[in-house]
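Shown next as structure tokens: one chain only, the form predicted alone.
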């Protein structure tokens, strides 16, 4: 099962109309701290409407990937003028990339919707060149609010147990130690962890200037070595597995059939896999790998 935001008003409802200026700002602080500032090719997995795309200015090529075509169309409206950008509709469990074609990757506010974390991380790792980096954000099960509620017996599940908790359908919180193990099991070497958005309280948002909140959060992010109790956690990991020369590929050659993993060739507005017989819509900078034509 995949969480599908197709046709949703996510940009307006969740971000513009829901007082999340603070969350957006402190997530940008964390991403700037962790993401290598320059590189050849980066993919933002679960990019949605391209909220964070301006932070990728140092990359020669940027792939915004999401399962929702409608959100990607919103992203294309804003970023389509920039020839560095490609917009890819695809399933995270069947990524349409050749091995090792990415020099960097991000995934922010996405993995909490993924039931099979190991499978998703394995697909991402395959697409990233050895020695390259993934910045991953996840929702923290062991956060201050959950610890307090558990201590007061206002929630049944323990924030200290390692297994993920699904508090709503396809909405998961993860223990930091569990997520570290998943990253390592899938060939990533965790290098850094940041505790983000400790001040995510309505009362603080009403009483404290946003600039002050972000400044304090930026300081608190650096306390991660003392323990991570924030609602959001950002990690920087390096692909520590194997050797690959996939980074040398360019243009449509970076793509593979998501069904067979075999090469594709261009035929007008279509990418064709002669080996498995599939055809995929590819018009301009927009590629649709959700289902074959």
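All of these numbers come straight from a predicted model, not from anything done at the bench. Numbering follows the first chain given and starts at 1.
The same protein also has a form predicted together with a small molecule, omitted here; what follows describes it.
Undergrad: Among the candidate stretches 75 to 83, 138 to 146, 196 to 204, 89 to 97, which one is within 4.5 Å of the small molecule in the predicted bound form when only heavy atoms are counted?
TA: Single hit among the candidates: 89 to 97.
Undergrad: May I ask you to state whether residue 5 is within 4.5 Å of the small molecule in the predicted bound form, using heavy atom distances?
TA: Yes, contact at 4.5 Å.
Undergrad: Determine whether any heavy atom of residue 258 comes within 4.5 Å of a heavy atom of the small molecule in the predicted bound form, and answer yes or no.
TA: So residue 258 does not count as contacting the small molecule.
Undergrad: Taking heavy atoms only, is residue 39 within 4.5 angstroms of the small molecule in the predicted bound form?
TA: Output for residue 39 is no: heavy atoms all beyond 4.5 Å of the small molecule.
Undergrad: With a 4.5 Å heavy atom cut-off, would you call residue 175 a contact of the small molecule in the predicted bound form?
TA: No, residue 175 is distant from the partner.
Undergrad: Within 4.5 Å of the small molecule in the predicted bound form - does that hold for a heavy atom of every one of 118, 126 and 188?
TA: No, the whole trio is out of contact, none within 4.5 Å by any heavy atom.
Undergrad: May I ask you to choose, among 214, 110, 104, 183, the residue with a heavy atom within 4.5 Å of the small molecule in the predicted bound form?
TA: By the 4.5 Å heavy-atom cutoff, the listed residue in contact is 110.
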